[in-house]
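This document opens with one chain alone, in structure tokens, the form predicted alone.
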């Protein structure tokens, strides 16, 4: 459970797709002028990531990685289809994006028209493909963690585009200096938001090192050292007197 919570918060705040690795910036900048549009695109990204990352995890585990085909028989144990990762991952993503596009067009034509070309472009959104590639590179061990990573990464991207859309709607009525209007102030706000999101790293920076074994030697004060010296002198004197008397 703790592993799931750590991955969830880390994927949203610390390893945010926009602020940490700068993926999906085209849609982030182009579809963040209105909150309503940003919410629709963000929800679509969450859905696509939540579905494609676990599906691609299954493809990676049982088809792509070295020795993954052993379940077909021992003669397939030496096969390595990892060179097909990009093709299969993109095919899975394109299929799910097409499904999302059909659903949005059917049930929300206004949102479909407002998103325009950026809805089908989710298929080539580097944040979507990045989720599957990061899942593969980090060797996430279970399907549940892969689903968690997909959902949390999507939520992180959703929060990023929602926050910048809300701020851009507000600063529209602000007295922004002329050279900074438009993308200039947007880049500055994005940088400040990135710093703010990275500050959440303190939530997960505990002492992960195993506690060192306590040393048997105790730290002695100067007074204790003097007392020990006096005792050693007395013992030596007693042993010398015993030798002389004998």
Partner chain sequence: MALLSKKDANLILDPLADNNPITIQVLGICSALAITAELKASVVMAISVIFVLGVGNVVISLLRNVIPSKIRIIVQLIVVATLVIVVDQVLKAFAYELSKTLAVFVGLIITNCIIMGRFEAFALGNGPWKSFLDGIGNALGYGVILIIVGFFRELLGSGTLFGIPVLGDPIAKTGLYATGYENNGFMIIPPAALIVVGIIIWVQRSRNKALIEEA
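Residue numbers count along the first chain shown, from 1. Values in this document were obtained by computation on a predicted structure and should not be read as measured data. If you superpose the two forms and keep the largest set of C-alpha atoms that fall within 1.5 Å, you have the rigid core.
The same protein also exists as the form predicted in complex with the partner chain; that form is not shown, yet it is the one meant from here on.
Enquirer: Look at the stretches 101-109, 139-147, 80-88, 159-167 and give the one with heavy atoms within 4.5 Å of the partner chain in the model of the complex.
Expert: In the other structure, the partner sits against 80-88.
Enquirer: With the partner absent here, would 130, 182 and 187 each sit within 4.5 Å of the partner chain in the model of the complex, counting heavy atoms only?
Expert: Result yes, every residue of the spot touches the partner chain.
Enquirer: State yes or no: in the model of the complex, is some non-hydrogen atom of residue 67 no more than 4.5 angstroms from a non-hydrogen atom of the partner chain?
Expert: Heavy-atom contact with the partner chain at 4.5 Å: absent for residue 67.
Enquirer: Should residue 22 be classed as touching the partner chain in the model of the complex when contacts are defined as heavy atoms within 4.5 Å?
Expert: Yes, residue 22 sits close enough to the partner chain in the model of the complex that at least one of its heavy atoms falls within 4.5 Å.
Enquirer: Quick one: is residue 26 in contact with the partner chain in the model of the complex, heavy atoms, 4.5 Å cut-off?
Expert: Output for residue 26 is yes: heavy atoms within 4.5 Å of the partner chain.
Enquirer: Taking the shortest heavy atom distance, is residue 194 within 4.5 Å of the partner chain in the model of the complex?
Expert: Taking the distances in the model of the complex, the answer for residue 194 is yes, it comes within 4.5 Å of the partner chain.
Enquirer: Aligning on the core only, does the CA of residue 30 end up 2 angstroms or more away between this form and the one not shown?
Expert: No, the C-alpha moves less than 2 Å.
Enquirer: Please determine whether the C-alpha atom of residue 137 is displaced by 2 Å or more between this form and the one not shown following superposition on the rigid core.
Expert: No, because once the rigid core is superposed, the C-alpha of residue 137 moves less than 2 Å between this form and the one not shown.
Enquirer: Once everything's superposed on the core, is residue 180 shifted 2 Å or more at the Cα between this form and the one not shown?
Expert: Comparing the forms between this form and the one not shown, which are aligned on their rigid core, residue 180 does shift its C-alpha by 2 Å or more.
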